[in-house]
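Both blocks below hold the same protein chain, though in two forms, and each is given as structure tokens: structure 1 and structure 2.
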Structure 1
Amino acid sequence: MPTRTFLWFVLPTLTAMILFIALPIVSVIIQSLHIEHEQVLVTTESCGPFGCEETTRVDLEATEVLRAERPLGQFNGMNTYLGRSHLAVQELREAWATTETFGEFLSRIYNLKFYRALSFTLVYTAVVTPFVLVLGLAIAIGVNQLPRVVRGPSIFVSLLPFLVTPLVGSLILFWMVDGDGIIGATLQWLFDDPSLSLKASAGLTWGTLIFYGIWHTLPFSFIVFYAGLQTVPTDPLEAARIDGASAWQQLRHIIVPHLMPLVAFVTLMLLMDNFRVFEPIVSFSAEAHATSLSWIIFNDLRESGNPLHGSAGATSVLTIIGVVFLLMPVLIRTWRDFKGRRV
């Protein structure tokens, strides 16, 4: 296809992506280097019969004018990044110098806003992804050996948690595990502890969020692996069976190697989606014990009436760097494939 024709065809989609995906990334970088204006203060001296007094007040009008003139705020360089609510370099150094053990150091770091969110995001991604891969494969194999009549309905049921709106799905679970909900109340009864609440401790909150993550994404890996199982060649399986391979051996040496490309694909998708975990934290109102990178950006932007664009921008840039790290292996592999094809 000649380049001219090609350009006409891709013009709409490219324009949309450049304007609303590429430029916002640039805009986020610029924002992250600025900080909101401070309020303009005026000091007036008022003299009364008992001497003069200096009062300082906020000049609201001047502040408004300044904000309207330069909405980006003032230039702040890398300070937002290095400051306390992001990378907190100074706090890190101090914690390193004053703590005795590594565990103590970690717990000090965990109290910093950014690292707190980062640690939940990483743990969530690192726990949910392998669980979903293994359980998805197990369920796909299970469904595959069921009679044909029940396979369709079981796929229908399995699709529900995956396709339901994340905010809605997590609310549905939240209402059940809430202290008065069916699961929450049953747990209180089981452990004979009426104050037991999944929201009360960080561990339980993390556990519930991770359970939601598995519930929500498991169908994806299940469906993909189920489709993959339909393409497993029968000849090697039969040969293995004749040679006396057990079901486990067949699985390990024939089925899993055949599904390996799918495993890579599913892992990539899961990593991308789990890394942006956000909605369940809103639904569970879990922010006291668990926050994620996406959630702290949301929180900065929601800051009522006075969104912290600079701070949100800095967290966004750091998140994007994280995503690029996650994608690095894939990008490098694709680049090699591409190079290899040309040689």
Structure 2
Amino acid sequence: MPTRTFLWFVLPTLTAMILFIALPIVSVIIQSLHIEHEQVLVTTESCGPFGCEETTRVDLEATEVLRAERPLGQFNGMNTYLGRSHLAVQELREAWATTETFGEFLSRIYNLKFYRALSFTLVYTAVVTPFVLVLGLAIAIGVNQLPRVVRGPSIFVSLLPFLVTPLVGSLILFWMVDGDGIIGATLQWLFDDPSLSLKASAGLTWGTLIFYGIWHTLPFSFIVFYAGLQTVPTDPLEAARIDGASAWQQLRHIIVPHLMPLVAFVTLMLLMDNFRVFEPIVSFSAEAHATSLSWIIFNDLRESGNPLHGSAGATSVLTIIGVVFLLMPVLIRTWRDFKGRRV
């Protein structure tokens, strides 16, 4: 294809990527280097028959003038990233110098807002992603082996969690695990403990959120793998059966290698989605025990009266860096496989 033709062909895609991906990311990076203007305080003195009294109030007009002159706020450079609300470099040094054991060091780091959110985000991603991959493939293989009469209804039932809006689905599970819900009441009856609650501890809360993440995301991997199974060539499978290969050997040496491009695709999508976990935390009101990087962004932007745009921008940039870091091994492996097939 001539270069001129190719450029005209990709021009709409490049334009959309620049307008809706590149420019917003650049704007977020610029915003993260600024902090909000300090509020202008005015002290007034009012006197009466019984003496004078000083009152301090925020001068809204002066504050609005500052915001109009410099909408981005005050330039703060990398201090937002290095400060206590994010990477907390100074706090890390102090904790490392004053703690005697690594466990104490981790305990102090966990008390910092950013690292507490990062801990749950990483655990959620590390647990949900492999479970969804393996269970999705297993369900796809099981449904593919069913008779055609029941295969259609089975596919529909398997897709139901994915059809439910994330916020609604997490709210439903939240009500079910409540003390008055069917799951919460059943557990209280089984353990004979009326005070038992899945929302009472960090561990149980994390487990509930992870369970919801697996339940809601599983249909995505299932339907992708099920579609991929329809493209598996029959000749190698028949030859393997004639040679006496077991079902496990066929799966390992024929089906899974054939589905590896889909495995890479599903892994990439799951990593990006799970690292941005947000809806379950809000629906479960779980911020007392579990927060994520996306929840920090939401919390900064809803700060009453003075949204922390710079802090939210810094967390957004760190989230993007975290997603890229997680995707790199999969992308490198995919690129190597692609080059190997070309050779």
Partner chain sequence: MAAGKQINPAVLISTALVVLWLIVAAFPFMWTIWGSFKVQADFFSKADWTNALYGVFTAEDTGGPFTWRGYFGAWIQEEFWRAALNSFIVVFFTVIISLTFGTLGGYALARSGRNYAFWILMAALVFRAMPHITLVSGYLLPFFEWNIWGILPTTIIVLVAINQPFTLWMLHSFFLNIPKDLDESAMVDGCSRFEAFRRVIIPVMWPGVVTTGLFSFLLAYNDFTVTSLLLSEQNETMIPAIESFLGTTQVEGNVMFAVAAVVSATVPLFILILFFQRQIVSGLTAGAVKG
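Between two forms, the rigid core is the largest collection of C-alphas that superpose within 1.5 Å. Residue numbering: structure 1 sequence, from 1. Since this is a predicted model, take the numbers as computed values, not measurements.
Novice: Pick one: is 1 or 2 the form predicted together with the partner chain?
Specialist: Answer 1, the form predicted together with the partner chain.
Novice: C-alpha of residue 26: shift of 2 angstroms or more between structures 1 and 2, rigid core aligned?
Specialist: Yes, the C-alpha moves 2 Å or more.
Novice: By how many angstrom does residue 9 shift at its CA between structures 1 and 2 when the core is held fixed?
Specialist: After core superposition, the C-alpha of residue 9 moves 9.7 Å between structures 1 and 2.
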